[in-house]
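Single chain ahead, written as structure tokens, the form predicted alone.
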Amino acid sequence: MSKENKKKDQSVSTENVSLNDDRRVKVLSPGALVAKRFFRNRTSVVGLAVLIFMFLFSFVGGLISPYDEDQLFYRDEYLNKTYAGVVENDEFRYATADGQSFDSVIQAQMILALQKGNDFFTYRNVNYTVTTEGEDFISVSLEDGTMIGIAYKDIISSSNEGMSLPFAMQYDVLKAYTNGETSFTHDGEAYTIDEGGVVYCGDTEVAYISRYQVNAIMPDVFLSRDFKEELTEAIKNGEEEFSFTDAGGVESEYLVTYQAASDTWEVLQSTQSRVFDTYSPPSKEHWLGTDRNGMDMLTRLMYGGRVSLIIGFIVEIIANVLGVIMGGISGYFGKWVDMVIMRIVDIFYCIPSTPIIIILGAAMDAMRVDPQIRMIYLMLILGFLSWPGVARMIRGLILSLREQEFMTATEACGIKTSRRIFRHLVPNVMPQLIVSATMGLGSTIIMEATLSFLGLGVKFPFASWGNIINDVNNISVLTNYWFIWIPAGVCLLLTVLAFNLVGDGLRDAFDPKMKR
């Protein structure tokens, strides 16, 4: 073959293997290489997927939820509430005449005179006369016949709500009743007493008499005579329950229980009440049930995730900004600047952060700080206590980077110091900073959850995964209401685990020596 043919074949061969657009080797950018290494790590991808789900669940879920974070739900149920108390009177009660004095000392002297069988006694040089007006009905008078008071065991009550009988009326009624009389006269008016002890003036009911004292628990409740009569009749017959229809036609059920310790009867009224729908099990309306305040658990879980994630990110932003500034200055300038900043870091490392947070939380409880302001304080405190670790890491990285050739070039070009640090040094430590922040997010969320669980973090009505789990302080909730604390615990576990997996994947992706 001639030399010309060989040259021709070589030129054809060269043309065939020349690099055109299709045959060029594609070179990935550093960011694309990092992404490629990251997505080759399956566990990191799983962690990223979990984080995406948690963000959508917390931030988007709260928006599409049909309920508000602090919306309360109610249910109707029958409750037995203490309605009245009953005492069978077997001791003397006292009433004082108008304008007279019948104090406890004179009452005691009267009792002593009765026990001795005397019909008089002397107190402070004043003579008193004791008169038995009827069975268990005594009057006390001065020497001149002026009555100062009466002692009685039969209780007389006015039939008119909010009114009481005058002393003279009480005396005439009790004297007639205790002597078995069926009629008497008072102030020129004729009165009658029926067998049940009801006093009438003509056809108008005035008062009624009984040995049982029936008092309503609530001061604004008036107990009618009919109710008291039916109640005392039930007590006399030993009945434990009875029903009564009031003047408005409303029928109610009552339970009567005897309290041996106090020798009284307690009356419970069974009424339909509207109460908080607390600890309702999962249902169509509430997929994860309701909590102790009657709020939808699924909605609280969504808003709780939002709060926990926001606190985690803001705390990490504060810590990393402070850490980058302090660490960058310390690592670049060195000498006395480095010594001062590192001693400050050492001081922060010596601060017992948990006791300080507990003390500050107790102080905010005492000052009743608004829950929203308290949450801001919590983020600032956690962020301010977390920056020393970041500063020390950044300092170490910058100490090694500042001696490299590109930094020598920036110095030779006369670039300003601040630009050298934040334009050339800091970007070179961003990969390590991103990994550190990602790993730290999980720890911050755990810290917030711990403080909220102890009652020192996020406060009601705001929700966080930590204060949702706080309900397990009640052993009944721990054993019977799994839907209260298990979902929040699972969300917390998955989120922290996912942040750790993503951080681990980023660390491997930024390391060019890793063969992923």
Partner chain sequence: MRKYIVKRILISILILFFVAFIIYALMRCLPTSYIESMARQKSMQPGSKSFDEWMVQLKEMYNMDGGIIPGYFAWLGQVFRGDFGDSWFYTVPVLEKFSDTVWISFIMSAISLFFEVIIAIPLGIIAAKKQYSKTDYTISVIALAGISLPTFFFASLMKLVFSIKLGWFDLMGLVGRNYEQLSAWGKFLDKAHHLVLPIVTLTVISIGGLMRYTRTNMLEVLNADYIRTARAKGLSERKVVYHHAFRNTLIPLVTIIGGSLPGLFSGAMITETLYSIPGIGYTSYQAMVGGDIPFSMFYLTFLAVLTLLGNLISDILYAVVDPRVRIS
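Numbering follows the first chain given and starts at 1. None of these values were measured; they are calculated from a predicted model.
The same protein has a further form, the form predicted together with its partner chain, not shown here; the description that follows concerns it.
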Though its partner chain is not shown, can you say which of F483, Y67, F453, F462 has a heavy atom within 4.5 Å of it in the predicted bound form? F453
Give me the residue from R343, K116, R274, K416 that has a heavy atom within 4.5 Å of its partner chain in the predicted bound form. R343
Under a 4.5 Å heavy atom criterion, is I475 part of the interface with its partner chain in the predicted bound form? yes
Going by a heavy atom distance of 4.5 Å, is L399 a contact of its partner chain in the predicted bound form? no
Please tell me whether any heavy atom belonging to C350 falls inside 4.5 Å of a heavy atom of its partner chain, as the geometry stands in the predicted bound form. yes
Under a 4.5 Å heavy atom criterion, is A35 part of the interface with its partner chain in the predicted bound form? no
Note: its partner chain not shown here; in the predicted bound form, the stretch from 137-145, 107-115, 361-369, 77-85 having heavy atoms within 4.5 Å of it is 361-369
Contact check, 486-500 vs its partner chain in the predicted bound form, heavy atom within 4.5 Å, ordered by sequence, gives I486, G489, V490, L492, L493, V496, L497, N500
